[in-house]
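First, one chain by itself in structure tokens, the form predicted on its own.
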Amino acid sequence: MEQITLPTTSDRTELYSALAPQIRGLLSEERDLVAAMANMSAALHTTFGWHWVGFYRVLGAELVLGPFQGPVACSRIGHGKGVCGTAWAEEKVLVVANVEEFPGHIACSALSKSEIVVPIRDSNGRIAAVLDIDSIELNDFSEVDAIALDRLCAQLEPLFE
């Protein structure tokens, strides 16, 4: 199996710095939420090479799969279920170093080892979606990712009505 080299924290900071203006450009004129989420997930997936990058939208009492990059995913996740549902219920970014150790983890892919989930608010301050990213590496996400991804996701907030 090919050895994967993870970006260092300073590399990640540089990658996010380079990606931020690209995301701003992609979203500056975009008014369609699906198009914006699709381009953001593609840009993140291409830049970092993570296993899965995508969005789940809040529809009633569930998170429903939205635009993503990667293998087939779970279509619906209940409030408070798994990492995504927990991030939604707790209204905070969750960084999970080892998904096997997360109580109630929903294994959409057996290859996923670590995960980060970033809640996204609508114009009224309610959670409207989450950005979910899975890595095939353990402990792949840090506070650097949490802060940078939260800032990037904030750019989507005006598109949620």
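Counting begins at 1, following the sequence as shown. Everything quoted here is computed from the prediction, not taken from an experiment.
Form predicted in complex with ligand SME: not shown, discussed below.
Contact here is defined as any heavy atom lying within 4.5 Å of ligand SME in the predicted complex, and by that definition not a single one of Val95, Val118 and Asp145 is a contact residue. Looking at 120-128, 38-46, 101-109, 25-33, the stretch with residues near ligand SME in the predicted complex, meaning non-hydrogen atoms within 4.5 angstroms, turns out to be 101-109. Heavy atoms of Cys74 reach within 4.5 Å of ligand SME in the predicted complex, making it an interface residue. The closest non-hydrogen atom of Trp52 lies within 4.5 Å of ligand SME in the predicted complex. Shown without its partner, the chain has Tyr56 as the single residue in segment 55-71 with a non-hydrogen atom within 4.5 angstroms of ligand SME in the predicted complex.
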